[in-house]
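For reference, the chain that follows is the form predicted on its own, supplied as structure tokens.
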Amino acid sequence: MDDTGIAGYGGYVPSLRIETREIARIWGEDPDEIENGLGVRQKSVPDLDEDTATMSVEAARRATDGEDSSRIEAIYVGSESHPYAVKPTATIVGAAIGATPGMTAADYEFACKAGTAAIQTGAGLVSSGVADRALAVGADVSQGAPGDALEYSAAAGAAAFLLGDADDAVAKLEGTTSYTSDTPDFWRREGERYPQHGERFTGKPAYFKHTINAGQNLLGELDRAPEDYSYAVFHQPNGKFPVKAAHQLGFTEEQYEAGLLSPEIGNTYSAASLLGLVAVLDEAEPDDRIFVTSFGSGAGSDAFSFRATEKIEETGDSKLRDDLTDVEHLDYAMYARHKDKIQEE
């Protein structure tokens, strides 16, 4: 797939936040223990008029700013919180950016790696010549039951990537691999309001097994070592797991710190590793190599190797850093109001 790459990118994170210690206060938990245990200080919260579709549109507009939308012939949106059970989010995004009707579209679902699955599909269509350009989006308004461990980290955000020919790319796709198994670490049946999880089972046999194997397989296929990369990005269910995975694979703090966003925004699910990639692309220079590995419960990981090109210097500000710094904090009562409003709709 070295004939394909990222021609444009954009991320979006809502401005609202709730601090971990505010949630802990309501449930009578030790705030320091929770905050230090998860490695998450605060998480993003969607506003009353925000959902997976609106955030996907915003990220897509940032990714395609200045582009000829008629060239986008495929759009895939990965999420586990699509606003409609039967009505694609991808068509909403297509209409909003002016890509309809000459396009194929679909919604993807694979827990937190649905967005990277969308990238693989879009890159395949571009590489094969079926599509001139493809747009892949990962977005979520994730859910956690009140008082559950997930409530401290389940957050909201979106990231979008315009895939095109390598000659137009700000970052070329050098290779991708996947590692997938039927591992029921996290699930939600139809009609259930909140997901369930296997608690500690979500760690070693799920997240780490798939993340490490996918990463090692990609390094092996490309005959690369961690020191060949300037940046490394991992799925971020909390602030601890990606750091541990990075160290197990041989990456250093200097390589992963730029893409580690979960301590300040929580787990944005399908957008988590992709927002990390957006943050890294904002800092990358020509010839910097970027290693990315996602994880989705159920379970699987997709690993990617990108190399920044000279065109990375021509890209404008993705506005993600503005989203990360221009924030407004909520107390638990206002947070609950926002959460209930989103779920009612």
Partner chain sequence: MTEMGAPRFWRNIQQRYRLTGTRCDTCDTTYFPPRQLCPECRREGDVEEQELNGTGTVVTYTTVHEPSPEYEGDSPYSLAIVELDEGPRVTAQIVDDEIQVGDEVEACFRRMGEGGGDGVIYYGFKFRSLD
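Residue numbers count along the first chain shown, from 1. Keep in mind the model is a prediction, meaning the values are calculated, not measured.
One more form of this protein exists, namely the form predicted in complex with its partner chain; it is left out here, but the text below deals with it.
In the predicted complex, its partner chain lies farther than 4.5 Å from every heavy atom of V292.
A169 falls outside the set of residues with a heavy atom inside 4.5 Å of its partner chain in the predicted complex. Though the partner is left out of this view, A96 does reach within 4.5 Å of its partner chain in the predicted complex, counting heavy atoms only. A residue is said to contact a partner when one of its heavy atoms sits within 4.5 Å of a partner heavy atom; D47 meets this definition for its partner chain in the predicted complex. None of A53, A63, A279, V40 but one reaches within 4.5 angstroms of its partner chain in the predicted complex through a heavy atom, and that residue is A53.
Put simply, of G144, G124, P83, P263 only one has a heavy atom within 4.5 Å of its partner chain in the predicted complex, and it is P83. Using a 4.5 Å cut-off to its partner chain in the predicted complex, not one of E109, A160 and K339 places a heavy atom inside that distance. Figure note: of the listed segments 22-30, 53-61, 307-315, 282-290, the one touching its partner chain in the predicted complex, with heavy atoms no more than 4.5 Å away, is 53-61. Taking a 4.5 Å heavy atom cutoff to its partner chain in the predicted complex, the one contacting residue in 284-322 is K319.
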